[in-house]
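A lone chain, given as structure tokens: the form predicted on its own.
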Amino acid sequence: MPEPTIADDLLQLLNWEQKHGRKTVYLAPDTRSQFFPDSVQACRETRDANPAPASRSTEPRVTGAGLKTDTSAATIQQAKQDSSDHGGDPMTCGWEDLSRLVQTCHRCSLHKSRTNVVFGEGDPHARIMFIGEGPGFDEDQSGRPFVGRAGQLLTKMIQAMQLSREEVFIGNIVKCRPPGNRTPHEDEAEACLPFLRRQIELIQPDILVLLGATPLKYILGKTGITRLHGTWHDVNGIATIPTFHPSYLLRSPQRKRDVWEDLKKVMARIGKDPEETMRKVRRQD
């Protein structure tokens, strides 16, 4: 019997990934150039193409912490080099290259008033990804998503799902704070969406949770969060559910019950028992 070739190994890997629901496999540059010489220029650092486990571990992985805007000459030069390497296209970047591009992004006017870029935070292999609207004052100051009053409520929501912030990924439609915490303009959202789409592609979450009307608009192309919250949708094979933004719940606490019902649906999808949360609450009382 002839010895297996690298092509045989690659085919076996692709079959394994397809069997386990993966839709994207990231090849190292030398492998990509060998099999796809006419493809777009490969990212210098691509995601490791090792097979994913049949079920994801619930143990926290390396945290993708919020990134403070580093405007040092070395970082700016590196970001320019990254941009040149990828033709300015985030969709060809690995995680670290993407973060550097975002740090020095000037695609829209929001960069003029930002203090820090808010890249996103959590497990880069998370099963659940929460997507909000954009950074507020506290997030702009810290470089981390959802750390103000709304963020504290989101943390409680995640904990009620029997998870921690380190086990999910939290991002936004835009990564720089709109002045006065206003809703992002359409050109600002469209300029930033390629970064978010690449994050989703790299993370490959099982579920997207859209927090409020803005991600509902730009991820699903729909309006009517009051009507659509708690309904399942498909985004490139990813189960997606909209619910109310935590900041809205601070103004309208009567909607918390609706959000809990939405989150119970998410919990059921990942094998969590919502009643266990209620039992813990009753024990604490």
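So that there is no doubt, residue numbering starts at 1 and follows the sequence shown. Since the model is a prediction, treat every value here as computed from it, not as a measurement.
Missing here is the form predicted in complex with a small molecule; even so, the following discussion is about that form.
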| field | residue 90 within 4.5 Å of the small molecule in the predicted complex, heavy atoms | value | no
| query | Closest heavy atom of residue 199 to the small molecule in the predicted complex, within 4.5 Å or not? | reply | no
| Would residue 94 count as a contact of the small molecule in the predicted complex, using a 4.5 angstroms cut-off between non-hydrogen atoms? | no
| said: Whether residue 123 contacts the small molecule in the predicted complex should be assessed with a 4.5 Å heavy atom distance threshold; does it? | reply: no
| Can you say which of 99 to 107, 202 to 210, 188 to 196, 126 to 134 gets within 4.5 Å of the small molecule in the predicted complex, counting heavy atoms only? | 126 to 134
